[in-house]
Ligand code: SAH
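Below you'll find only one chain, the form predicted on its own, shown as structure tokens.
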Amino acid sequence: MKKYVINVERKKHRRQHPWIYSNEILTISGTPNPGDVVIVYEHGKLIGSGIYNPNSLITIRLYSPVEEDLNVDFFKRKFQEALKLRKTVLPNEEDFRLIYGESDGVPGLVIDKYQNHFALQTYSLGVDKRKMIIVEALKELFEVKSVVEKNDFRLRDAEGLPRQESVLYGNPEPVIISENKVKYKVDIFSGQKTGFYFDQRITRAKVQRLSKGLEVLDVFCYSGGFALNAALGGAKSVLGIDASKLALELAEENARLNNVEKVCKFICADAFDKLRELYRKRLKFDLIILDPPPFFKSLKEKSRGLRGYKDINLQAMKLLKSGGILVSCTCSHYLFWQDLLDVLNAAAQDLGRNFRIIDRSTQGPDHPVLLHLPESEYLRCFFLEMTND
């Protein structure tokens, strides 16, 4: 590969961070093209190899502490390392997020594994240019039946990449996966995001353990992840709400797949409107799960997003029986732990009821969080119990 050398200077608190911004670059040797590999030095010391994109605020994404190319061997090694970690932290699972971007040393790449079918997302230009190399690396390690790119999402905009979805290899087809002994039918190509939300595996398992004998409400239920776990945990009844008819068709199919169709009922509706309607009908629940899509994705949208989170949590709290439990989740990276606490506290004060925190959870171990990369954490969940006082 042609060698391009870039000298940088970062602030002390960012010395371990894999992102280098445009204002941290001092000199560039040669004229690298967007997506090229560059060798990065700081104060005369090699700090690694990175992917270059001068059109992005994140101008360099470091992927290795040494000088090496982004080739099949590199991706194979990273995939093997990631697979070893998943086999250690999820020894009984075969379906999971195989690659979680920078957390697995492959910036700008997400890969979800569904048996021998794979869904990938590329959100850096350099990785996007190497999609077919990634496919080849997967084929050398697994008995791949299909690889689908699910690239219709916002992060690509910052890299100047078009939003698109396509089949990169093979013939994608719906597949049955298992998580914590719960079966799910996943439509990889037509489903939301990469087809399934692996990140909530910890919280789903906790909901299953809490649900025996309870009347449960699953809001933003998608394909029924929390609803199924509640039903299999012995819930008396489960009501799921989602605005997508396709998602609810899949949820109903999943309920039949797990023999809990008599316990689960699903309604297609706007969550905000439906919760208010349920309140007017004086319905109450023992356990409510809120797992909404992100209400904001940037700091400039935060104020408006916070109002949405407060409103939906207040409406859910109104539907709780005394002593009931609210599981409130957010996947907005910029809604930090204290922000979520503040939202929940404000909603509780408006309602005039007291709650205690009985548990909390975050993304599963197949979405590892790096200590030096706070951006790798985004999923936060609190379990609140309404007290009787």
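Remember, predicted model here, so these are calculated numbers, not experimental data. All residue numbers refer to positions in the sequence shown, first residue = 1.
The same protein also has a form predicted together with the named molecule, omitted here; what follows describes it.
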Does the 4.5 Å heavy atom contact test between Phe220 and the named molecule in the predicted bound form come out positive? yes
Quick one: is Pro293 in contact with the named molecule in the predicted bound form, heavy atoms, 4.5 Å cut-off? yes
Considering non-hydrogen atoms and a 4.5 Å limit, does the named molecule approach Gly126 in the predicted bound form? no
Indicate whether the named molecule has at least one heavy atom within 4.5 Å of a heavy atom of Ala271 in the predicted bound form. yes
Among 86-94, 250-258, 147-155, 224-232, which stretch sits within 4.5 Å of the named molecule in the predicted bound form, heavy atoms only? 224-232
Considering non-hydrogen atoms and a 4.5 Å limit, which listed residue (Ser178, Asn116, Gln192, Asn71) is close to the named molecule in the predicted bound form? Gln192
Sort through Phe79, Phe285, Tyr197, Tyr169 and report the residue having a heavy atom within 4.5 Å of the named molecule in the predicted bound form. Tyr197
Interface residues of 202-216 toward the named molecule, as seen in the predicted bound form [heavy atoms, 4.5 Å]: Arg204
